[in-house]
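First, one chain by itself in structure tokens, the form predicted alone.
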Amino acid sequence: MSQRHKIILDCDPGIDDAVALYFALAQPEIELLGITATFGNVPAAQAARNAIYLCTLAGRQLPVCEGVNTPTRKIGVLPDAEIHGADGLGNLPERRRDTYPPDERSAARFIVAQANAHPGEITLVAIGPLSNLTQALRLEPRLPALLKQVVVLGGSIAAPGNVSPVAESNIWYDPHAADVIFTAGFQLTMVGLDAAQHMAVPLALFERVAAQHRHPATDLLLHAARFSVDYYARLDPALARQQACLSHDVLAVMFVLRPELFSTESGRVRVATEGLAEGQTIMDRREHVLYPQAGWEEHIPRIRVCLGVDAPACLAWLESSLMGNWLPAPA
């Protein structure tokens, strides 16, 4: 167990965040140090409440720290309740009351404190906007050297965007933060829509998991998956035929443990921060060219970008993990 991966999950739960969190809890190789909540799918306070609730149902009491609720510079955009529900978890009909309070530290201060306590050991998995990490970087400029790596679920190089023809939502919510993080010198991997567009999870998978466990945590996943499947059925005829929902976020956790499932390239990535291309992640794939446009100089660090994934292997891994013995007996 000395080789366990120390992880901080920076998230905005969110239905696919719930899948990613429960997948992480099911991995014996992961030591989840805490959860930092950001705005995105829901406001930051609701994201923290959802993270605490998910942990409570799963019999865990991890530190959950509320973080940033507004973008770094752009005007904030209200979440679309049609995607994740007004509560972020598919409009749960009721909630248990036996939860626990959030950690008193801000998300940024928690990230900095953990990075200083475990230098070179922590992977930060960011599956929401990058606002918390940007604030942590302001507090601790040495953070790129203190964190082992950062894995970002967001962006797109060649795949169509999901909030515009070119932009992915996590980056679009705070493009200024993303451009800061992509150029700050972190050991960073971007898991974007080029890979995540292939992660369609059938509703039947969640039905099998819920039948296996008969547990409040997997009941919640099934409820949320049904909500998500209904949403995607209105959006995409292929997903409607499959009775499946896209579940991007879990891929960022999977990359930490099995990067060999992903095809990657390395290069400089910048983010468009305004105009029609706001939120677009742009990768320099011809570094031998000296562009007259500024912003692509040699001093800008390269990051790793996932351009493909073995989706069938990931689906099988997701199901086997959630079907495993990771939940306590229901109270």
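Just count from 1 along the sequence shown to find any residue number. A quick note: this is a predicted structure, and the numbers were derived from the prediction, not measured.
As for the form predicted together with a small molecule, it is not shown, yet the points below apply to it.
For the options Ser169, Ser156, Thr218, Gln114, the residue carrying a heavy atom within 4.5 angstroms of the small molecule in the model of the complex is Ser169. Proximity to the small molecule in the model of the complex, taken as heavy atoms within 4.5 Å, picks out 244 to 252 from the listed stretches 180 to 188, 244 to 252, 205 to 213, 114 to 122.
Proximity of Asn50 to the small molecule in the model of the complex falls outside the 4.5 Å heavy atom cutoff. Within 4.5 Å of some heavy atom of the small molecule in the model of the complex lies at least one heavy atom of Asn162. Although the partner is absent here, Ala225 lies well away from the small molecule in the model of the complex, with no heavy atom inside 4.5 Å. In the model of the complex, the small molecule sits beyond 4.5 Å of every heavy atom of Ala195.
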